[in-house]
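Take a look at this single chain in structure tokens; it is the form predicted alone.
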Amino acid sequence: MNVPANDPNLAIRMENITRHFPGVIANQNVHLQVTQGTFHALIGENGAGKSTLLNILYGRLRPDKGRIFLKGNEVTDSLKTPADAIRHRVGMVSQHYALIPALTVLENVMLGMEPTGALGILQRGKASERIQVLATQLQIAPLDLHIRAEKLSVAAQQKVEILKALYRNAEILLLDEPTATLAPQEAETLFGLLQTLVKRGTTILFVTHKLGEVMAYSQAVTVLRAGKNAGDFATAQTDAHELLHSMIGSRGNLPLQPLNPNVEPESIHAFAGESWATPVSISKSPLLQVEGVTVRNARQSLLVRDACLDVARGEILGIAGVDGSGQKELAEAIVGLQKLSAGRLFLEGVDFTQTSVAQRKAQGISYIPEDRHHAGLILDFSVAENYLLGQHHEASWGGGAFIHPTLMEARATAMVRQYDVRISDLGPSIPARNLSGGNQQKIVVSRAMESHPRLLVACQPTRGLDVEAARFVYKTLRDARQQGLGILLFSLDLDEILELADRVAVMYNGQVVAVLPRSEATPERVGAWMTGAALAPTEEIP
């Protein structure tokens, strides 16, 4: 049905949006219509053009052609910067948050919209009062406005970003992968908050790869594929099968039953894998032993307390827990990025507690960091240069005393082909920044695997990935496990852990509180340990 461009019932209307990058067409004649006061999902594979479309709507990017209407008014020529978007009452929460770590919550929220009185004196009290009112309305009070942003958990940072947008009077809220870094309980809380906003008249446009979220919370869905429209749906009149087929076309004939019969197909991961297979054999002797590991921060606060674990060859040990329970710090302690305050680490009986990161890598420990942008890649380096990272001393990669560009490019080209990294016609000389998130992650994962490790420490390996990219990661982990690799899988996605792991360890408040065989690791039981509900009062960790 044709809707007039100036229809005030449409909060957003985008017509024929086209945007080119070097060697890539991100959006090609894309159309988008979002009804006011609704929860609208925007889905598609990595590289389908979703984030580009959101950035155009938020003024971060300019379209090469096309028209943009907000509440019936054309804003194409007046939407050139995020400040313009804010003036049009559009707010955005990106997957990679934009809070300034050294500033407090109050300072971050009011930054750029500071209330001033006579003589330009800053009115902190006025801003604080308004923020607390918003927090109360959204049921996220009490809120400590004086804590620095760097001290907040990922989930808390996200809430602050939403408050920041609402403080600027946003009536249209754009969310890019809002639950990519959240545990299941935190995601439920977030969607409760968003539903409150919708009831108050806010229009929400959110990008996600999790079809369960789409089916549970949205009223309408727009699908992009390869930068073009692939379908518009009323959520009540479609299902996950149809949406998946629209996202990936003929490749959509995937097994649609979840790999674990105890897990409902609520996330994209339920469609991401092959059939679950028992490894050829799990060694009875441990590959990795973690004995009494304790990690403290610079202020001597406990981050990990007396952690004990073991991982065998041919085994995936999943580490579950809500965000901030110490998973990241334990992973970094094992690979050498965090100093141990106490405890010891053994690899096949050899103590490596005091060795460096480089020495651990040489011993066969490989690492997939949770944040590919800040810890996995140098975005302004080329694809070839990123493949060389960590291998720069090896002549076979083009490293050594001098860098050999021809050999480096040849090795990178072979890696791109082997792991199906989709890059432009510019080849591996293209900056990693220009790749989609899924293809960036393929570089990180394949580089880790090509070092022929004995132990792989994988942190959030499918964060923000679509069906195809998640399937790539799942298959890579399963194949490695079949070949005898020991894998420590840290994930906030409980479905992912239950699909992949042979055993499940649960962290709560910095401590490993349970280790369960897969047969006993039900979502309810693991969830109880994750939230502390399974701890007796005397077991609560201070």
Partner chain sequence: MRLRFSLQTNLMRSLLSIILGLLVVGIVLKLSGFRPFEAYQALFEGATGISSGKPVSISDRGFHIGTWDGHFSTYTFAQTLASITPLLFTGLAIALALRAGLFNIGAQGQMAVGATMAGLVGAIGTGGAINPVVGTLPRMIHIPLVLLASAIAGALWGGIAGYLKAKRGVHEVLSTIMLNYVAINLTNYLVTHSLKDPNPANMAVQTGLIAKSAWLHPLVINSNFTIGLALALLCAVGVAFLLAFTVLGYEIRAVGLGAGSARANGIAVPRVIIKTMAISGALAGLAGAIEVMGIHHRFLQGTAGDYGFDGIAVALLGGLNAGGITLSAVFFGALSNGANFMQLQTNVPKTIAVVIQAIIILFVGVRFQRKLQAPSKAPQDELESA
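On a predicted model such as this, the values are computed, not experimentally measured, just so you know. Numbering follows the first chain given and starts at 1.
Beyond what is shown, the protein has a form predicted together with its partner chain; the following relates to that form.
Are Leu337, Ser382 and Pro405 jointly within 4.5 Å of its partner chain in the predicted complex, each by at least one heavy atom?
Yes: Leu337, Ser382 and Pro405 each sit within 4.5 Å of its partner chain in the predicted complex.
Find the only residue in Pro115, Pro431, Gly231, Gly364 having a heavy atom within 4.5 Å of its partner chain in the predicted complex.
The option sitting close enough to the partner is Pro431.
Exactly one residue in Leu388, Ala333, Val90, Ala470 has a non-hydrogen atom within 4.5 Å of its partner chain in the predicted complex; which is it?
In short, Leu388.
Please identify, from 196 to 204, 104 to 112, 303 to 311, 354 to 362, the stretch that has a heavy atom within 4.5 Å of its partner chain in the predicted complex.
Careful reading of the contacts points to 354 to 362.
Classify Gln33 as contacting or not contacting its partner chain in the predicted complex by the rule of any non-hydrogen atom within 4.5 angstroms, answering yes or no.
Residue-level check for Gln33: no, no contact with its partner chain.
Can Glu315 be called a contact residue for its partner chain in the predicted complex at 4.5 Å between heavy atoms?
Contact with its partner chain, no.
I'd like to know whether Leu70 contacts its partner chain in the predicted complex, with contact meaning heavy atoms within 4.5 angstroms.
Result no; Leu70 lies far from its partner chain in the predicted complex.
Would you classify Glu45 as touching its partner chain in the predicted complex, given a 4.5 Å non-hydrogen atom cut-off?
Yes, Glu45 is a contact residue.
From first to last in sequence, which residues of 443 to 459 have any non-hydrogen atom within 4.5 angstroms of its partner chain in the predicted complex?
Heavy-atom contacts within 4.5 Å come from Arg447 alone.
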